[in-house]
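Shown here is one chain on its own, the form predicted on its own, set out as structure tokens.
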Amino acid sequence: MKINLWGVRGSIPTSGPETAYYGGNTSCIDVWEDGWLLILDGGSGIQKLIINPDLKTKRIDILLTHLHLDHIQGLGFFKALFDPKMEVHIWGPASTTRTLHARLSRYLSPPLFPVLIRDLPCKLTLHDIENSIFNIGPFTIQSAYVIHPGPTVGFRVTGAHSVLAYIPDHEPALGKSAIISDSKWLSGFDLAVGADLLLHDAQYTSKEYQHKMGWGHSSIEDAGRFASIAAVKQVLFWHHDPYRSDAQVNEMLAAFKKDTNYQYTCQPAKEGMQIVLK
């Protein structure tokens, strides 16, 4: 399984020298195996994702964790949606009030975007998912609702030899006290348990989190605790705050490593990073 990171920032894209190292684009990764392509989230990073025509890929599956703007704002700029020869499947969390098509149409329509979703020339199919298990090519994918405002899911992607857990917006510590250690009640645990790689929300320091409880994001300390409970092998801390510079991200990680005992490798997610899981 080969994974490329195209956007790792949270909330809104940023630009400038102070965020150039980790990158300023919002959430998007791709996952390749046996010629099949998955794209997880359609943030601004998706505009940088160019499909090599030599690979002759004719089907793309886009898995959306949720429909906040920072996770879908790049969809209208993804060239595959404008290719009439391309088969595109978009998977996203079901809502009790409107279909995925109806909710995406709010963005892919005037005045927010000049092209209507119904006018996209690709062969487009939309799938509403819940706590689901489904197969795409060589991948087995599990989706499950997690704690974040609005219908939001995380994904567990299982390939032939490895497992990726992708939970970019998540607040597992929300409750009466700190994050609970009983896996039966821990949001996202079934997605992450034993994963070879976990990409997890770590937007705040513990001090910042005290003033932003209920916003749907984690402190780096809670993300680290979650990873320990789930016994993952490697963690990429995700959803960097748009106001946080590269130097401040490094300071967060240094403080975390100094004050925390952990059994996994960890680092901040970086735009342009490529990971191969074997």
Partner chain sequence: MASYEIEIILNRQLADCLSIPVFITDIIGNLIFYNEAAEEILGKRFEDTGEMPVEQWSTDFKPLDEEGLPLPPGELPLVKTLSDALPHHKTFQIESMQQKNQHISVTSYPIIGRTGKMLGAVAIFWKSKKE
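Everything numeric in this text was worked out from a predicted model, so none of it was measured. Numbering follows the first chain given and starts at 1.
There is another form of the same protein, the form predicted together with its partner chain; it is not shown, and what comes next is about it.
For the marked spot (Tyr145, Ser177 and Ser187), a heavy atom within 4.5 Å of its partner chain in the predicted complex is present in each of the three residues. Its partner chain is not drawn, but in the predicted complex it has a heavy atom within 4.5 Å of Gly150. Not displayed here, its partner chain is kept clear of Asn135 by more than 4.5 Å at the level of heavy atoms in the predicted complex.
In the predicted complex, its partner chain sits within 4.5 Å of a heavy atom belonging to Ser183.
A residue is said to contact a partner when one of its heavy atoms sits within 4.5 Å of a partner heavy atom; Ala94 meets this definition for its partner chain in the predicted complex. Partner proximity in the predicted complex, defined as non-hydrogen atoms within 4.5 angstroms of its partner chain, places exactly one of 105-113, 155-163, 187-195, 69-77 at the interface: 187-195.
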